[in-house]
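There is one chain below, alone, in structure tokens, taken in the form predicted alone.
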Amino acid sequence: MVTNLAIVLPANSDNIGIWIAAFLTLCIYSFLYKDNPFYKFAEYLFVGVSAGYWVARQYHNSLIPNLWNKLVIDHNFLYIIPGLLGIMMLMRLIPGVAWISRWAISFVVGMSAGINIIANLQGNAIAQIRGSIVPLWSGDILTSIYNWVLLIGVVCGLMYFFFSIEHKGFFGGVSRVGIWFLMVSFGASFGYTIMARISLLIGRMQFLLGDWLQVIRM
């Protein structure tokens, strides 16, 4: 019986890592049937391992070089302030003094909002405005049509979000055109997301049929 089992199993059955990965993959895909203990086991394992990995990563790549080394090696005692803010955030885990963490969280949220507003304005809003300023006639008929479509889509899309005027008559028609442009944009983004997920599915199928079962050659 052992001999027959050895014939059935793939040639790389001694690679425990591949078998564990295949088992966890099947556990995750078992959710397609219904919620079950195998799926919950793989889900909780993934969340736990991810949390542990990121804690270790932040400790070695952020806490040690950016706080400990600055204080102990460089003797830059200004870093006591972010260290205290970090300790205050950990107070969230203690029910009696959890309110202290609000000060540190408020500081981080406010600072991050200020930095991200500038970054998004420079990297997104201004870039979008600059990309929308195009010549309506460029000498090439296809490019000119594209520029006109871009202009109409931008103007109609902005008009849809203009709520100071009731969307009726001509303004309502322009707003409905903007809705169609927005729907096409959201649909394209959703399709891109679906294609990315399909790529992940193909990768998992290649792993199961190739690396694990060796049914296909990679």
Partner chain sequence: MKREFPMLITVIAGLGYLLFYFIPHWPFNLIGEMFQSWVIVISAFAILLGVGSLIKVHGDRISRKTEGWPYSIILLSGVFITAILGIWKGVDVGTPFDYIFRYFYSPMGSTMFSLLAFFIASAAFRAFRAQSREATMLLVAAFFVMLGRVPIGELIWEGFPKIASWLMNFPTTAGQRAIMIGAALGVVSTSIKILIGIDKSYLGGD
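Bear in mind that the values here come from a model prediction, so they are computed numbers and not experimental data. Residue numbers count along the first chain shown, from 1. By rigid core we mean the largest C-alpha set that fits within 1.5 Å across both forms.
Here the subject shifts to the form predicted together with its partner chain, a form of this protein not shown in this document.
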Contact with its partner chain in the predicted bound form, heavy atom within 4.5 Å, among L136, A125, V72, I141 goes to A125
Proximity of I165 to its partner chain in the predicted bound form, heavy atoms at 4.5 Å: no
I'd like to know whether L158 contacts its partner chain in the predicted bound form, with contact meaning heavy atoms within 4.5 angstroms.
yes
Legend entry - Proximity of F171 to its partner chain in the predicted bound form, heavy atoms at 4.5 Å: no
Restricting to 130 to 146, the residues within 4.5 Å of its partner chain in the predicted bound form through any heavy atom are G131, S132, Y146
- Any chance the CA of D74 moves 2 angstroms or more between the shown form and the other one, core superposed? no
| message | If the two forms are fitted on the core, does L84 show a Cα displacement reaching 2 angstroms between the shown form and the other one? | response | no
Quiz prompt | Displaced residue check between the shown form and the other one: Y44, CA, 2 Å or over, core reference | solution = no
